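There is one chain below, alone, in structure tokens, taken in the form predicted alone.
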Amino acid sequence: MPPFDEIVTEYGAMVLRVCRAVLGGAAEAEDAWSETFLSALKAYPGLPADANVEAWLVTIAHRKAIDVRRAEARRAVVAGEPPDRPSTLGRPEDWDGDLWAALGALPDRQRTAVAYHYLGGLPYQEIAAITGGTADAARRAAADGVKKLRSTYPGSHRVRAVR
């Protein structure tokens, strides 16, 4: 098995894109990204050699995103907003706020299916295993999500090029 830092280097940007797509906010996504790799680091020694590392990381990211959402629900509302700071991870120069806003407007099921398939590269069967449901339902949710993005996002011709 490769050293863990190679795993972070190879999959870090993909995990961040998935976290951003699921959570929307940059700060929440970066928190989920950090929690994903901390959790993955602890479990990495026990990972089978033939495991699909990409799917494993997306599963962990999914669970950490759920944790972030649950924590947000319990957190008190803060008055005023701190200034946003761009990420130094992934490709911040390619940040397209309109695309992320359009993605964030999708229903949860469609947004997660689009994120896991188009950003995380997972097949529909694995998406179904992560989110619950069937592969056909995951495929339908992703298709509906992309269709909605094409109708609401002005730069929809670039949706396929996100990955």
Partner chain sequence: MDEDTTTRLRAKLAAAAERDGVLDVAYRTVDSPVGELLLAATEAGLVRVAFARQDHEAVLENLAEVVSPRVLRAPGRLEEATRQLGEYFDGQRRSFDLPLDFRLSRGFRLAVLTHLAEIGYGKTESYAEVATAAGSPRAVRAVGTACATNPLPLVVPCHRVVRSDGSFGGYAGGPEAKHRLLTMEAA
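Keep in mind the model is a prediction, meaning the values are calculated, not measured. Numbering follows the first chain given and starts at 1.
Another form, the form predicted together with its partner chain, is not on view; read the next lines as being about it.
This chain lacks the partner; the member of 124, 37, 118, 100 within 4.5 angstroms of its partner chain in the predicted complex by a non-hydrogen atom is 37.
In the predicted complex, no heavy atom of residue 70 sits within 4.5 Å of its partner chain.
Interface membership of residue 48, defined by any non-hydrogen atom within 4.5 Å of its partner chain in the predicted complex, is ruled out.
In the predicted complex, at least one heavy atom of residue 41 sits within 4.5 Å of its partner chain. At a distance threshold of 4.5 angstroms between non-hydrogen atoms, residue 54 is out of contact with its partner chain in the predicted complex. Taken together, the three residues 2, 5 and 9 all come within 4.5 Å of its partner chain in the predicted complex, as judged by their closest heavy atom. Heavy atoms within 4.5 Å of its partner chain in the predicted complex map, among the stretches 61-69, 129-137, 25-33, 108-116, onto 25-33 alone.
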